[in-house]
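Take a look at this single chain, the form predicted alone, given in structure tokens.
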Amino acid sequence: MNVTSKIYSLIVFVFLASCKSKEIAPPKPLLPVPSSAQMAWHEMEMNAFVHFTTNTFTDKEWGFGDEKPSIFNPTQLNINQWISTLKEAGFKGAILTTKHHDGFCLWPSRYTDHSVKNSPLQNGKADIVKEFSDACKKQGMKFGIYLSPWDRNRSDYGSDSYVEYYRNQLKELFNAYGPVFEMWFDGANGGDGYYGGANEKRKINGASYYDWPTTLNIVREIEPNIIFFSDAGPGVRWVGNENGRAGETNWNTITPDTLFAGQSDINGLLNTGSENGTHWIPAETDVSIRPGWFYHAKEDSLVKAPEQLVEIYLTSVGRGSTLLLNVPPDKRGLFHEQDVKALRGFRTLLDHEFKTNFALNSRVEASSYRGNSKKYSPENLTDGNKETYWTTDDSVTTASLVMHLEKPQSVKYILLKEHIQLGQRIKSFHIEIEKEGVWKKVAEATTIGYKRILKIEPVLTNKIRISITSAKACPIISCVEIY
């Protein structure tokens, strides 16, 4: 190499080193942050619950535990119809009540006779859990399991041997029917029941009886990335109601100990989360398409209308939660025609309302952005890439963004997403639209989280201003969509 070449190489090296030294570092994570499994759960957005057991045939919500297995006999069982209907409606996963409080098992468990193997269905050869799991795999949906810790049929409920029975059934399910994305634990534990003929009330200490750390680790050994649902997590928490409403303020963080420390409004805390919570335990919004969780013929006229389901979507997914909508099969073993009609109408309405993102690839102005680096510029908000984001310097916790639409549009929804992989940060913001040269406030809110959808009275405009008025640290937003 001649002298000229050496000098040129040195200049290039110095230039590249200089550029690298000027690279602006991303914000440090604001702990806690979601695990990869929790992040995948957030991105599912809508999952389904399917309640099906002897209650379907006795017209009860909670079976007493004395129901005979022979009563479980759907006449036109078609689990593929359930899953295809849910898939068509846009659900990403489905959770089956493999055993409710009555103790009847929807798979031929070798640990009890109180199961589908002693029903007349398919001459005692039926396995609802297998058919459900297989249908999910076939339709490309994720499969989840609900296994009630309470069992009103078992004579040994309340003793150590029942806990062993429960763990054996968990191992039986997870080894035979996986993969499983979510495990649901109901908060109902103890009370009156059949209990093998004892017909009495039994109380247990829900916090200690099941030895949850050991019980959950048994499942984790089989399914390391499982999401556990219960009132306090540890994967996701209950939203505090069964009405389909996450909190208007909805922090994904919460401190589990506060739920057992004399908290006067536990449901309220579950609904809003805690701004300074120590753990990432987001809220799951569970609600039924009918008044009850199991099928009752008298509720055929009470199925939620598509418009109601859209409102539930806005108060669950639209508030940073994940929707878990229950759809119960009827005595035939089918989703009833009214439920199917409602789900199809829901999908049609949702597709109509969110058909065209007016903000895609539109110009965005920001009051500032991190280090004036293109890597963090406001262009990232409208590029359609969920991995890119806009953010500010560490010292900046308030900011404004102005969206310039290509032409005036009738705006009804503003959708925002925080880049929660680096933590949930925004505490308050408001939105204005420009009309005839004047800015008018049309919405204000607190948290954003994974996703926030604000619905406003439709207004014709080509400029929308988003003002972040308070944040725990520099705000990080991955996208803004306008519909």
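Heads up: residue numbers just count along the shown sequence, starting at 1. A quick note: this is a predicted structure, and the numbers were derived from the prediction, not measured.
Beyond what is shown, the protein has a form predicted together with a small molecule; the following relates to that form.
Of the stretches 44 to 52, 25 to 33, 66 to 74, 434 to 442, only 44 to 52 has residues with a heavy atom within 4.5 Å of the small molecule in the predicted bound form.
Contact annotation: of the candidates Glu88, Glu200, Glu242, Glu164, the single residue with a non-hydrogen atom within 4.5 angstroms of the small molecule in the predicted bound form is Glu242. With the partner omitted here, the residue from Trp212, Phe228, Phe354, Tyr146 that has a non-hydrogen atom within 4.5 angstroms of the small molecule in the predicted bound form is Tyr146. By the criterion of a heavy atom within 4.5 Å, Tyr369 is excluded from the residues contacting the small molecule in the predicted bound form.
With a 4.5 Å cutoff on heavy atoms, Ala207 does not count as touching the small molecule in the predicted bound form; it lies far away.
In the predicted bound form, Asp186 approaches the small molecule with a heavy atom inside 4.5 Å.
Among residues of the shown chain, Tyr295 is not one whose heavy atoms approach the small molecule to within 4.5 Å in the predicted bound form. Highlighted residues Trp280, Glu418 and Arg452: none comes within 4.5 Å of the small molecule in the predicted bound form, counting any heavy atom.
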